[in-house]
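A single chain, nothing else alongside it, follows as structure tokens in the form predicted alone.
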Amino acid sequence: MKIFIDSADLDEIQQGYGWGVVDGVTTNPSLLKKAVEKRVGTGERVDLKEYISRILEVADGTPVSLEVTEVTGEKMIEQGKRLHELFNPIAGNVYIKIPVNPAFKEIDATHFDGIRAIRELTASGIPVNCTLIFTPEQAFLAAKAGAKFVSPFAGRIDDDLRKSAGLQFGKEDYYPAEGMEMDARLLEDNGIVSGIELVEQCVKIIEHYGFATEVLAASLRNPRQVRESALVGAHIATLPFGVIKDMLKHHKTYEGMELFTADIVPEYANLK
């Protein structure tokens, strides 16, 4: 399973690549805006275009997802092509992030505008990361349209299940992959009992039909969800910087290092 860093902070991105574990970057406009403002606030002279270019250079050879802000098919296609034309020459690694369904409510007429945008951008040779996926059928349609990545939002499904049951929780609290019972019933969203099960069903559909699409597990909140995403066959997990850092932590590892260090044999350590 590949690891993408879900961040627009250049320091975090550079550190992730420096560790040798990061295989790509996912961003969004609000994260980029905050990252630029943070640097400007320290006195650095940088604008958004220059900042995005620097991220692409650091990630050279690996995908970087840049998200559209438009909400109709025509405008998303136009903006996606413009972003790709503007930034892809820098390192040849730009993917355009398109929402699977840009509608704001059920009566909107734009439900299939995301699918249409995916199809047209793909036909133009522009790779697409389809985002905001909350059902396996959404992932199926995005894959049929040609999306290179489909991004099921595991953590947000877990949040929604807990909210629907009136449960109190913290954003990083673990939610069991097998689901949670409440008042003798299993919490579910149209048959999906957890965010990890959503990822798993997307993987099964994509692989069963042989789509040239990878499932990118998104909205992962803790290392255990990363492990479970790998166990159900996710091709990619996009992770906040903090989650990547936490993946190596365990109290027994720290304890073992103390024991190893206390037991150093000088003659062995000084071998040349």
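Nothing here was measured: the structure is a model prediction, and the numbers come from that model. Residue indices: 1-based, along the sequence shown.
Absent from the display: the form predicted in complex with a small molecule. The rest refers to it.
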Report summary line: Of 192-200, 152-160, 105-113, 75-83, the segment with heavy atoms within 4.5 Å of the small molecule in the predicted complex is residues 152-160
Report task. Please pick, from N222, T62, S53, N28, the one residue with any non-hydrogen atom lying within 4.5 angstroms of the small molecule in the predicted complex. Result -> N28
Query raised in the report: So in the predicted complex, are K2, V22 and D246 all sitting within 4.5 Å of the small molecule, heavy atoms only?
Result: no
Query - the small molecule contact in the predicted complex: T238, any heavy atom under 4.5 Å - result: yes
Query raised in the report: Does the 4.5 Å heavy atom contact test between R185 and the small molecule in the predicted complex come out positive?
Result: no
Query raised in the report: Are any of the heavy atoms in A218 no more than 4.5 Å from a heavy atom of the small molecule in the predicted complex?
Result: yes
Report task. Tell me, yes or no, whether K171 is in contact with the small molecule in the predicted complex, where a contact means a heavy atom of each within 4.5 Å. Result -> yes
